[in-house]
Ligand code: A2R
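One chain comes next, on its own, written as structure tokens: the form predicted on its own.
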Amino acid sequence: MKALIIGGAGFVGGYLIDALRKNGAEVCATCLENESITGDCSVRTLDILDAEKTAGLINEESPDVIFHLAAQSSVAVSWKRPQLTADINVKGTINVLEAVRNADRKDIRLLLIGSGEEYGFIREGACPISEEEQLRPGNIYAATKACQGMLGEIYARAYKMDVVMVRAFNHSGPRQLPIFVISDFCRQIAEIEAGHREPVMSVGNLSARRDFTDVRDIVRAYCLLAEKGVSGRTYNVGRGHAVPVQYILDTALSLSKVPIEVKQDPARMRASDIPVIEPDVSRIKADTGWSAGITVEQTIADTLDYWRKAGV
């Protein structure tokens, strides 16, 4: 199998390259000019906002499957830069869909990677959330990802394209940027342990409950969906069990080598935050046999070890 990863320089891309290579796939990954990819793959430069170059690259590489990871994936950044978020997540996705639709090869499978954030303001009693639940996005990033998924469904139906939509819930692990909660907490602890900052941790909303899955489990799900997912179908990918951010904090603090004071920082509070997000993952289990295997506690421990070794 030949796989093309669009947006391979990000956090998930490196893990997906490793997983695909272990499965024997030939891999090509794209990145922007100012990015780099160090995995075992061929590398192409691509900005998905350039429709002509996107179409040309897909024709040249002629992959069996495309994993569309290129995105502005931070909720916090989406509040600050909504235009950029919409350009990348909506216009860029249309360019990819059009490139696949008009490609010389007509049997390319395309995985569009969306987010559990798309469900947004969840009605009472809806958790665990099935893929059929109405989407009520609660932030700008979520709205753009919901649009991406709807576009994928339209293209699959209207043009008989082989498109699989994914709604991935919170995922974390070593090497993740500290703009995401587990990596943020772990980096702050490592900095405090190293004496690089005062023994005070800044936090945001701790009451929100989220479904956290290890990135290594997430990419295993993507590989299985590339092989066994049903075209035109949307899949939740997550653990299937939400925990409070407070639990993530307490677990991380329990691994600290020094006492740490916790203070809430108003700047870390989102303009709009969803109280609980928890997926029903029965569909992906039924179609692929996938389930999460790495515990949240192990993910936190591995991420903290990563930041300690990074010498922050």
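These figures come from a predicted structure and were not determined experimentally. Heads up: residue numbers just count along the shown sequence, starting at 1.
Not pictured, yet referred to below: the form predicted together with this ligand.
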- Note on the structure: Of 275-283, 58-66, 31-39, 255-263, the segment with heavy atoms within 4.5 Å of this ligand in the predicted complex is residues 31-39
- Listed residue that, although this ligand is not shown, lies within 4.5 Å of it in the predicted complex (heavy atoms), from 186, 113, 110, 129: 113
- Item | Interface residue in the predicted complex among 19, 304, 296, 12, criterion: non-hydrogen atom within 4.5 angstroms of this ligand | 12
- Query: Could you tell me if residue 27 has a non-hydrogen atom within 4.5 Å of this ligand in the predicted complex?
  - Reply: no
- Touches this ligand in the predicted complex: residue 46 (any heavy atom, 4.5 Å): yes
- Using heavy atoms and a 4.5 Å limit, would one call residue 235 a contact residue for this ligand in the predicted complex? no
- Considering only heavy atoms, tell me if residue 85 and this ligand come within 4.5 Å of each other in the predicted complex. no
- When this ligand is considered in the predicted complex, the residues of 125-141 having a heavy atom within 4.5 Å of it are 141
